[in-house]
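As a starting point, one isolated chain is supplied in structure tokens, in the form predicted alone.
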Amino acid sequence: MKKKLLSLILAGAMLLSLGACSSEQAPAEKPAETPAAPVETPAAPATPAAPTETPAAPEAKGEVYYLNFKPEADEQWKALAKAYTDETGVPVTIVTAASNTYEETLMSEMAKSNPPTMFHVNGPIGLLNWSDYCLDLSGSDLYGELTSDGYALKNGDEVKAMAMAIESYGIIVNKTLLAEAGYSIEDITNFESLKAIAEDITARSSELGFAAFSSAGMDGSSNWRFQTHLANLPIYYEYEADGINSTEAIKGTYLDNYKNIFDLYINNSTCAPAELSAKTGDDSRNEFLNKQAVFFQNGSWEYANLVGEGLFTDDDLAMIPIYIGVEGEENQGICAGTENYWCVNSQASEDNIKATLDFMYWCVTSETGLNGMCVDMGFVLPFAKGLEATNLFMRQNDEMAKAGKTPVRWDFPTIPGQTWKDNLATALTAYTAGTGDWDGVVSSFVDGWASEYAAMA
């Protein structure tokens, strides 16, 4: 692959300090203007009365079509879009791609006569496919709100995309169940201690009434947790060891560690490994919500689904790092970064581009927009007016960083593409079902990486 394209891999995804921090709604029809009552003509000329009604404002121009990447925030985005339309009269359409189908959905929607005006790329590799459709945002008011250039994807001086939010992921823990098993999160400091506790819970699961891990579902709504987020750990540690931030040929130095943690998940779960191919993301979350499991690998975006009336409180939960057995991991923090970069469709009409930029700016500067994104969606924004994090998991990420723990960079945006992820998921599923072996996972990880990069050269 061309070196200049690889240079798009950004230092911003590696920042350790994080910035603080939806249905189509047509504009309401304007009521018809009531004609003034006839005025009796006086005998002598009279000065015309001043108008008693303010002339109607000109109709808003342009509209917004946002193809949302995050299914878990679909309702919140639609509510925010409605609020904006109610306030401005500008129509905002929110369409949310199903989990693991964003690139495919984007390609389909871009081919239509009314394509998205606002969309995502997942990092430098995603930008390669869509750069010609990405408006240069360098002169926009939105770019002026960005807290660091590290959160921008650039092509030379052009700003092609900007991070939407900073997020974190790790292993979410039900502290109450963990205490019932006789442990606390302070007892978990590395892979060795995590493994010992998980296997002890499994040995006593009938007595305790719960399992160690919720199901590591390999259905498409769940497998991204393992073929992307979990896979980030061996990628990150290899990059660290080799002093690089991308590669066209991953070596797989830490794939034994990847196997360690994946085996721990599937062998200490709410179900047998052979059943995982049919388990969904909802299954895994619901098992955790129903107190069937102590541990649940997921991210800060799950916070709103876990905490609230009838659910957990902040006191019940914690997020710990994903330990895989690497030397020195006692000083590791949780995984922090972004793969969600906002883009504006440069092929849209001038009116729609302006409407889209105005909507995006409103989202990250207005009281309503900030409450929607930071409170309702739980995002930490890389924009100057972002609210302080209310999300427990983001606060814990900050606390770990302040305590000297090193957050794990999100290096998975350097993965060569969705085909690599899909093939890895297939290999992992075969491994859990017993129809494939770990060598197939290694081959998919290493050989697949090289072939995908070669295809892009």
Partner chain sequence: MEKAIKKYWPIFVLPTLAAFSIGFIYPFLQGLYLSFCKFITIDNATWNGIKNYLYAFTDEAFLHSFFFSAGFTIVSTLLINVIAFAIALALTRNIKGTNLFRSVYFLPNLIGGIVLGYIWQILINCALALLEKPLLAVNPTFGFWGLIILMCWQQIGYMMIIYIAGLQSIPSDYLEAARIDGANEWQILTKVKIPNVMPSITICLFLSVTNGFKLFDQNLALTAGEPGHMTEGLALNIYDTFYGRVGPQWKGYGQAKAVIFCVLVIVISLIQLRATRSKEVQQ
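The term rigid core refers to the maximal set of C-alpha atoms that superpose within 1.5 Å between the two forms. From a predicted model like this one, the values you see are computed outputs, not experimental measurements. Positions refer to the first chain, counted from 1.
The form predicted in complex with its partner chain exists for this protein as well; it is not shown, and the discussion that follows is about that form.
The candidate site formed by 104, 275 and 452 is fully in contact with its partner chain in the model of the complex, as each residue has a non-hydrogen atom within 4.5 angstroms of it. Residues placing heavy atoms within 4.5 Å of its partner chain in the model of the complex fall in a single listed stretch, namely 130-138, out of 130-138, 159-167, 305-313, 182-190. Scanning 110, 326, 255, 152 against its partner chain in the model of the complex with a 4.5 Å heavy atom cut-off leaves one residue, 110. Its partner chain in the model of the complex comes within 4.5 Å of no heavy atom belonging to residue 377. When its partner chain is considered in the model of the complex, residue 429 lines it closely, a heavy atom lying within 4.5 Å. Taking non-hydrogen atoms only, residue 125 approaches its partner chain to within 4.5 angstroms in the model of the complex.
Within 4.5 Å of some heavy atom of its partner chain in the model of the complex lies at least one heavy atom of residue 423. Looking at 247-262, no residue comes within 4.5 Å of its partner chain in the model of the complex, counting any heavy atom. Comparing the forms between the shown form and the other one on their rigid core, the Cα displacement of residue 134 reaches 2 Å or more. After superposition on the rigid core, displacement of the C-alpha of residue 116 between the shown form and the other one amounts to 2 Å or more.
After superposing the rigid core, the C-alpha of residue 174 moves by less than 2 Å between the shown form and the other one.
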